[in-house]
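So this first bit is one chain, no partners, the form predicted alone, shown in structure tokens.
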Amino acid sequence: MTGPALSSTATLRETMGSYYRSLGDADTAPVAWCSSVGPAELLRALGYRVFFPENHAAMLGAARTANRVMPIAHAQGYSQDICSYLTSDIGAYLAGETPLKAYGLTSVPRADVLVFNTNQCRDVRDWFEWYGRQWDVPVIGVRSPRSIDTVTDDDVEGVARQIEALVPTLEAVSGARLDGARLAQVVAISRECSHLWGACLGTAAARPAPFTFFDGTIQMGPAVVLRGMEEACAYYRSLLAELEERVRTRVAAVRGESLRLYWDGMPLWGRLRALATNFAEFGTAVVASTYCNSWIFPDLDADDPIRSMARASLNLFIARSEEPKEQYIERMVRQFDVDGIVFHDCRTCPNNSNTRYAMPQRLSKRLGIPSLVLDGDVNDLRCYSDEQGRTNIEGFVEQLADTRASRRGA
């Protein structure tokens, strides 16, 4: 059974609601669309209201409306096999649907400029270029290297120059000049937000864990859409205090926690509650994840804003090669003392699925713990079977219990 709800969630709703409503007031400031780990700090420093379409697509997935609108994008020539965030979002736009209607918006905010970073995948560029053609506005971005073994100074310099090259267009669209002091201030706020969010996630190393990966996918909202804004820091100070109090008083996110898991890959947005319930029924807490930790940026440095932004984007887990990814997961497994790893093989997101080149097998051998692969997708619910998923989870939990018993016997 799951434990009591976090009191901070009421404040989270207010914080996120205020952000979404501010997008409806965008006639007072230019609007920039930004990919989730794009140069948001640069945009904030230039006075843009920043919109993150991946967040919007995740809302469509969580509302379980994505499957109704994706066929509209498929009819435009976008394959069923590409990012279902992209096809959900474009399909919803063409259908005139958006979860932002709950906040008084009739549509996604019209961009004055769209800014991408391909450190995640090529899809964000294709996605933004579709809107660029619709609205006849500039689409600019960073073409980042991927599958990086070691991030070098040359890598950082190359990305930094691309970020600097964005400035003239962004200044022309906004009608403002970039203020170096303001950029440093925004980067400092992002760094603090990153630190606070990391500290919140770190509380799950305690036994019992005060919150889980499934809680984290909701609580991460400000870290994604309010990077560089004090509102995000204020929220995470409050959340961290509540989580630390839970650790002190041993309030568990999963009552009777007996097993602990690590989650690698994207969330299944339309099945988060069902999956949280499935794991909790077996006394199993999913205490850490690659996904939620992807918005922790220790490289950000107000004394060197542009290059630190470049380094942070290159050190992103999804941009790294197999060996540094495995080393990262190994550190997380040890930090959070987990009994097994769940890998989500996301059908339409191969760049954030680490199951297809034998990583689960290598890590199981390397760490001596079992792993489970769940087939699914971020938004396309046709890719996930509730019955099959539950059966696999139940069998995996039994395997974990047997493995742990064997270890104790040894």
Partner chain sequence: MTLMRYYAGIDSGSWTTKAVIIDADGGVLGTAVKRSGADLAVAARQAYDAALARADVPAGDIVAVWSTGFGRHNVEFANGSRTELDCHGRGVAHYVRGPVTVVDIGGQDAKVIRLDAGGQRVAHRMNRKCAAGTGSFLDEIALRLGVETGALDGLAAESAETLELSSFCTVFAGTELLTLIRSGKRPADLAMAAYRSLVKRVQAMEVFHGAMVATGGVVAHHPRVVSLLREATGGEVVVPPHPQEMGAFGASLAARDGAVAVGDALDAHGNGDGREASAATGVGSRQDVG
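Residue numbers count along the first chain shown, from 1. Because the structure is a prediction, the values reported are computed rather than measured.
The same protein also has a form predicted together with the partner chain, omitted here; what follows describes it.
- Screening L372, A63, M359, A29 for any heavy atom within 4.5 Å of the partner chain in the predicted bound form leaves a single hit, L372.
- Among D301, E281, D112, E242, the residue placing a heavy atom within 4.5 Å of the partner chain in the predicted bound form is E281.
- Remark: L86 does not count among the residues lining the partner chain in the predicted bound form, judged by a heavy atom distance of 4.5 Å or less.
- Taking the partner from the other structure, the partner chain in the predicted bound form has no heavy atom within 4.5 Å of any heavy atom of E54.
- Using a 4.5 angstroms threshold between heavy atoms, G17 stays clear of the partner chain in the predicted bound form.
- For the chain shown alone, D25 is not a contact residue for the partner chain in the predicted bound form, no non-hydrogen atom being within 4.5 angstroms.
- Heavy atoms within 4.5 Å of the partner chain in the predicted bound form belong, among the stretches 378-386, 55-63, 29-37, 42-50, to residues of 378-386.
- Heavy atoms closer than or equal to 4.5 Å to the partner chain in the predicted bound form belong, across 379-401, to the residues L381, R382, C383, Y384, S385, E387, Q388, R390, T391, N392, E394, G395, F396, V397, E398, Q399, A401, ordered by sequence position.
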